[in-house]
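Take a look at this single chain in structure tokens; it is the form predicted on its own.
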Amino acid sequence: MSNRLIEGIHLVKEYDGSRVVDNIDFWVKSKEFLTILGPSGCGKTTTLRMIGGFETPTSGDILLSGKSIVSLPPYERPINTVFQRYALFPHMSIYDNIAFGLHIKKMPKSEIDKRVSKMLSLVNLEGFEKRRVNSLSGGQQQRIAIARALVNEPQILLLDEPLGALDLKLRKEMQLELKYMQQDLGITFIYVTHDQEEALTMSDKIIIMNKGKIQQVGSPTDIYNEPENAFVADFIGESNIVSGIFKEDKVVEFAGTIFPCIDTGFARDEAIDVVVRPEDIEITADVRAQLHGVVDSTVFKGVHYEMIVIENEREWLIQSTIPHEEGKQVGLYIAPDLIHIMKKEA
């Protein structure tokens, strides 16, 4: 398809007979911010390295604008990479670090000056040209690494957990800055992280991986609101996951209670898993209460209170701006559109 800038087809990567990436298919549109998300060892960095040309697939193909690039070395691909370890040259000035790739291409000095100046402006480090790398903070070094990758004007920028070494406040600031940069430059970003919040904040599309396989692909909203399996539901945000029975279209039974829902298409009396997000459970004392329990704990988390309610020996995690005392008897209400039904895990 014409809108597919880069495409992975049946990609497999094995090391010593162990399959790290297991027959995955994906595609990325031009100017899209794609994040590959998953726990350590799930195959996300290996996938990124295959796209960049630093690893060769055991089998499968990678297409760029419809043409295979598997046999191309990294320097012949219109792709640059920013690693978690920024790999800046400590003996060079900031100017020379950013301009390094342009010098290799023997670009005229006037053009190099223009591009380096534009990049320093983009990463908010104007006037830093003559500074040395070791005089910069971690966040500033990270910006220089990004500027060095972007100055060559690649079609695609790969980013392998580039914010991992930064403190929490700076990481949150850089998430927004990276998204603004990507939108401003119109470059396709493929970003690898194990941080769910990072993925939800920045991405147009997320690929969730586990054990070498793709678990779900979708927008941040789709993945958060409609997880396709228990792994995704548990990995993206916090969830209450309980076993249930799909009684019929728009009717489900769990926790010994019949609930209206909006899901259809499952078999009558099929065993399913039910996902309810902690912020989607309302604590109520009125007649709408569908379940009843006792508040076991209440913890202040800054933007909300996190409570555990014990209902028939079952724990429900609930997030609310209104605290309830431990030991208090409460009712629970879940609206039909906030009940998410998934196929039962094998």
Partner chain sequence: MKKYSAFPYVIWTFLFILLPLLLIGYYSLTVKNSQTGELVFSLANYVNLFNPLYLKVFLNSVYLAGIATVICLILGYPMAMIISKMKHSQTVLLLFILPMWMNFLLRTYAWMAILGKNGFINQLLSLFHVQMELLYNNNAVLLGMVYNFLPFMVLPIYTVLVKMDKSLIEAAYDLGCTPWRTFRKVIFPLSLPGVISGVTMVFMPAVSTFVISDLLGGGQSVLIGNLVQEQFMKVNNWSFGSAISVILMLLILMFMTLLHRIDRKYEGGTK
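Just so it is clear, the structure is predicted and the values come from calculations on it, not from any experiment. Positions refer to the first chain, counted from 1. For clarity, a rigid core is taken as the largest C-alpha set superposing within 1.5 Å between two forms.
Here the subject shifts to the form predicted in complex with its partner chain, a form of this protein not shown in this document.
- Screening K169, H91, K118, K250 for any heavy atom within 4.5 Å of its partner chain in the model of the complex leaves a single hit, H91.
- A single residue from the set R314, K29, H304, R49 has any heavy atom within 4.5 angstroms of its partner chain in the model of the complex; that residue is R49.
- Contact annotation: I79 falls within 4.5 Å of its partner chain in the model of the complex, judged by heavy atom distances.
- In the model of the complex, its partner chain lies farther than 4.5 Å from every heavy atom of F266.
- In the model of the complex, at least one heavy atom of I104 sits within 4.5 Å of its partner chain.
- Contact check for Q140: no non-hydrogen atom falls within 4.5 Å of its partner chain in the model of the complex.
- Screening 251 to 259, 215 to 223, 146 to 154, 194 to 202 for residues having heavy atoms within 4.5 Å of its partner chain in the model of the complex returns a single hit, 146 to 154.
- No member of the trio L125, Y180 and F189 reaches its partner chain in the model of the complex with any non-hydrogen atom inside 4.5 Å.
- Shown without its partner, the chain has R49, F54, P74, Y75 in segment 42 to 76 as residues with a non-hydrogen atom within 4.5 angstroms of its partner chain in the model of the complex.
- Once both forms are overlaid on the rigid core, the distance between the two CA positions of K169 between this form and the one not shown is under 2 angstroms.
- After superposition on the rigid core, displacement of the C-alpha of L185 between this form and the one not shown stays below 2 Å.
- After superposing the rigid core, the C-alpha of R132 moves by 2 Å or more between this form and the one not shown.
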